[in-house]
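Okay, so here's just one chain, in structure tokens, the form predicted alone.
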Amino acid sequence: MSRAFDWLDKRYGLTPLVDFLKHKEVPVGGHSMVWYYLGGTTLFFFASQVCTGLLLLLFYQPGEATAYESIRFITTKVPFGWLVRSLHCWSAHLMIVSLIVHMFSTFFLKAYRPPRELSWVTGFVLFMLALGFGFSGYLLPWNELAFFATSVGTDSMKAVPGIGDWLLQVLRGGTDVSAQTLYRFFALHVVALPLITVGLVGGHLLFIQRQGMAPAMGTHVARRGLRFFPDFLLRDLLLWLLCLILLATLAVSLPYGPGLPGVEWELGKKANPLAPAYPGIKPEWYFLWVYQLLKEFPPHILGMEGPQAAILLVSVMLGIWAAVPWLDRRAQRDESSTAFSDLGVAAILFVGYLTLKAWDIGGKGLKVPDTFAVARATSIITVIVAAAIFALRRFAYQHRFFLLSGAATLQIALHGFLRVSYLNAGIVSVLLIAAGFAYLRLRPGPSVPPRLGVAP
């Protein structure tokens, strides 16, 4: 090993890299180090996606006459083919879960503050690419569920102002979902998105290695941290092993998913474009909040079509989320910014409520659930969660800013308990936010007593 290292070191200069790894440390502070491992778990599930995807590509054949048959051949004839497909599907969903938790932990720890703005932006783009992986891969089995879910998902592209119809035809390869759509989604899923993702992952990891992991807020005194190699790395590898055990357990015990809408991948029947729409069709779980938001908007609003207004709202919210490093001025000064922590809580409540409602929680399993019963049941759950978060923030972290999360909770309560339409309840919440910020701006600051010997 020593001779091999010397041979490589003479040609590629590995000694500086080894010295860097020897001195690299992970910050240790008042915050939990658990959050530092989430990036590694996301990378592990992505690597699982790549490995299992390559194995599936050995037998998968894209095409209207071959896609469904090849997936059925993989799951019924290829030795352990069902297991590989189950591992691929489960690792996709676990990667999204890990990525979401990683993103919110980064947000609440304010790890986006300077000089790590580009780390946040590249991470946000990677999150969007992960959603693209899920959307493009959903159609590849070419079964009924995938066909009609893709029809519903791509149809929402028409709501994009100006270029909606053109964008729809680019995605579908025509006006309808067809074999051309399958070919395009296959190219996206196995060629375009992986190339872009690998490049961005490399850049994201380079930023983190050059700048190190973000220390806790207000950490001004340098202190010795945990050595990255081998201490942190060995812990990371142990967590990867636990993730592998979890992934294998889920893949074996639930090979076709837990059966929840948006979290199931049983092959079912082959897609038939002439057949009636699949009953109760819904997208994958991480798109459910957008799906439900589209349903909450009326056909026309403020001179726009309802779907256009909904897509515009989603685009504005995602833009604000991506620009947080430049909007959070207090975090830039390494000061506590509870207003942006409250923004993160409001986002969780907003997305969580719409997701639960899209799952028809409280609908008693009816084909046509009672919309008010669903809204009431999901409101009860969300308000309880909001109260628990409020208590935690107020008494454990002494936060005093609850305007945004309070407005989100008010919207949920008005809609779920008083039967106010979701949109009207949102208008009331927005007015509350505007009044709250106006009050904060007009409120006189605290009086400062004059210093001794100095005229006031």
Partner chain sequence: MPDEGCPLKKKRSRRGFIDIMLGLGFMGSTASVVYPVLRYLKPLGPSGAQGPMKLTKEDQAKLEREHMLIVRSGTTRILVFEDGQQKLRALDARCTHEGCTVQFVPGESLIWCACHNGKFDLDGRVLSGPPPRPLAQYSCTREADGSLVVNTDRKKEEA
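Numbering follows the first chain given and starts at 1. Quick caveat, the model's predicted, so the values are computed rather than measured.
Not pictured, yet referred to below: the form predicted together with its partner chain.
Note on contacts: among Arg235, Arg330, Lys158, Lys269, the single residue with a heavy atom within 4.5 Å of its partner chain in the predicted complex is Lys158. For the options Gly203, Pro261, Gly212, Gly173, the residue carrying a heavy atom within 4.5 angstroms of its partner chain in the predicted complex is Gly173. In summary, the region of this chain contacting its partner chain in the predicted complex, judged by heavy atoms within 4.5 Å and restricted to 102 to 110, 147 to 155, 86 to 94, 120 to 128, corresponds to 147 to 155. Taking the partner from elsewhere, no residue among Gly352, Ala396 and Ala434 has a non-hydrogen atom within 4.5 angstroms of its partner chain in the predicted complex.
Interface residue remark: Pro279 is counted as part of the site for its partner chain in the predicted complex, having a heavy atom within 4.5 Å.
At a distance threshold of 4.5 angstroms between non-hydrogen atoms, Lys364 is out of contact with its partner chain in the predicted complex. Not displayed here, its partner chain is approached by His300 to within 4.5 Å at the level of heavy atoms in the predicted complex.
Its partner chain in the predicted complex is approached by Val368, whose closest heavy atom lies within 4.5 angstroms of it. Along 181 to 213, a non-hydrogen atom within 4.5 Å of its partner chain in the predicted complex is carried only by Arg184.
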